[in-house]
Ligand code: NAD
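Single chain ahead, by itself, as structure tokens, in the form predicted alone.
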Amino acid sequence: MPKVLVADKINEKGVEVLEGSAEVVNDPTITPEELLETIDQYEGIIVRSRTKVTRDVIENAKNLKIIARAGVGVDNIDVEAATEHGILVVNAPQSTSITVAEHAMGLMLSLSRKIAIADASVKSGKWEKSKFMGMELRNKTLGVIGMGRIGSQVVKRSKAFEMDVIVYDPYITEETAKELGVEITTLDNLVQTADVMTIHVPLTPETKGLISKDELAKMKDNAILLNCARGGIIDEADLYEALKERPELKAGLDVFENEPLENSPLATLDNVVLTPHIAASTKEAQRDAAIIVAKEVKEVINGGTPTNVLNMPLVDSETFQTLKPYFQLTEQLGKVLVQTTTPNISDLNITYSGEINGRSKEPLTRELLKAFLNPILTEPVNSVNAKSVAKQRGIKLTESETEDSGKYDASIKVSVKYDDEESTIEGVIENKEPKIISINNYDVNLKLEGLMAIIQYKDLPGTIGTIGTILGKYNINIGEMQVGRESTGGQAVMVLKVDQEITEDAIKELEGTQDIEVVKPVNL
């Protein structure tokens, strides 16, 4: 019977799932040294956050097939090393959706009815009824930033309170919004309109400081701001100043820029409710997480395929060896797409050619979707759920093959449609490195790495020089440049590799210049 190690304390229901299918070794106090010495005995391991599954552990895990995290985050698992050794990594992202959504509703109610400060008042021997006049949620407008799994659950619960809902999510379609009974709007309008604003997006370079001084100044005086997503999305210093100056403005935070929270001026205010990152901490969520990952481990040791895979689906060895060089290419193409296309993607077509034809290209398609979707969702998109997530987002996916790969062994071309426009990008592997060879059918040839920029412009005398001059003005050095054009004086595209990040001010000046149409920075 295969052996499974439970290296951290999990709910007993998870252990019960495994009984009969595996010999379960429940050792929630195992030390790193003991783990390193004994890991080769196991086909599966279940951890929470305490146990670190490092590269050293993985390299000693001669029989390990699956690493399961009874929760969402996998910072304590070396996923890259696991992938290199053919070990599946799974988690339980769906286990906390309802729990976090309920916590957001709890903060909302606490702030709208001033429950926290009223409780403190009564416990101190006071009876200050007039001080705690509240606000009904009925007929108020809820603004949701991020309509992933958790955001959608908050919307469902807010409907029971008869709230109107507006959402800001560049990647939600009108069709999906209609099904959920919400109205899509801009971030600026949401900030100004919402009576309650709740955040459910990941922390990325784009969302860091998303709500800061300017946004806070636009909020209604009696509005409520909630964050159960990640610290850093709200600028806490700006929030403190806004709450201090406008006592009727309120905030509920479960996450912070630095945790644990220490010596924060926010803790001195009555119009804020603070909780210690416990939105996902319920007995039910811990139970569900244990059951979910135990079922995943059971599936794998019985020869099946799990659902919540974070690295890649299984393919036969021969196919994997053929596809292996192209995983990095599809990942980079996905990253370029998410940074250069406009919101509301409706169609995504992937055309494969050359030596990868005639084989299962599922892993490549899913890798591309994963790279494209992960930056815009709170919950991690993995190799198994990537297609279903894309479908939920209203993206129509098609895959096709063509024999012509030119002088290359293979090529991958991706076309996306949004509104009435279409954008394409084509890449290849050359000398073992991913390269971009075409953008919107303009020929280029550049490595997909580092800091880049894609610029659309009119091919007129002096335009290229103007671009170089403006970048130089902002101390941005051009390392490499490729240009492609349809005809002399017509539309053209430039791909730059730069040594410094292109700033917002530089982009505004470039796009404000005659004959320069669009500037899209890319960070790979």
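Note that residue numbering follows the sequence shown and begins at 1. Just so it is clear, the model here is predicted, and its values are computed rather than measured.
Unshown form predicted together with this ligand; subsequent notes refer to it.
- Stretch 144-152 is the contacting one of 144-152, 323-331, 73-81, 157-165, since its residues have non-hydrogen atoms within 4.5 Å of this ligand in the predicted bound form.
- Contact annotation: Glu206 falls within 4.5 Å of this ligand in the predicted bound form, judged by heavy atom distances.
- In the predicted bound form, this ligand sits within 4.5 Å of a heavy atom of His277.
- Not displayed here, this ligand is approached by Val201 to within 4.5 Å at the level of heavy atoms in the predicted bound form.
- With a 4.5 Å cutoff on heavy atoms, Asp169 counts as touching this ligand in the predicted bound form.
- Looking at this ligand in the predicted bound form, residues Leu64, Val90 and Ile292 place no heavy atom within 4.5 Å of it.
- Residue-level contacts in the predicted bound form: of Lys114, Lys361, Lys298, Arg230, one residue has a heavy atom within 4.5 Å of this ligand, and it is Arg230.
- The single contact residue among Arg366, Lys140, Arg393, Lys435, judged by any heavy atom lying within 4.5 Å of this ligand in the predicted bound form, is Arg393.
- Along 487-514, no residue reaches a heavy atom to within 4.5 Å of this ligand in the predicted bound form.
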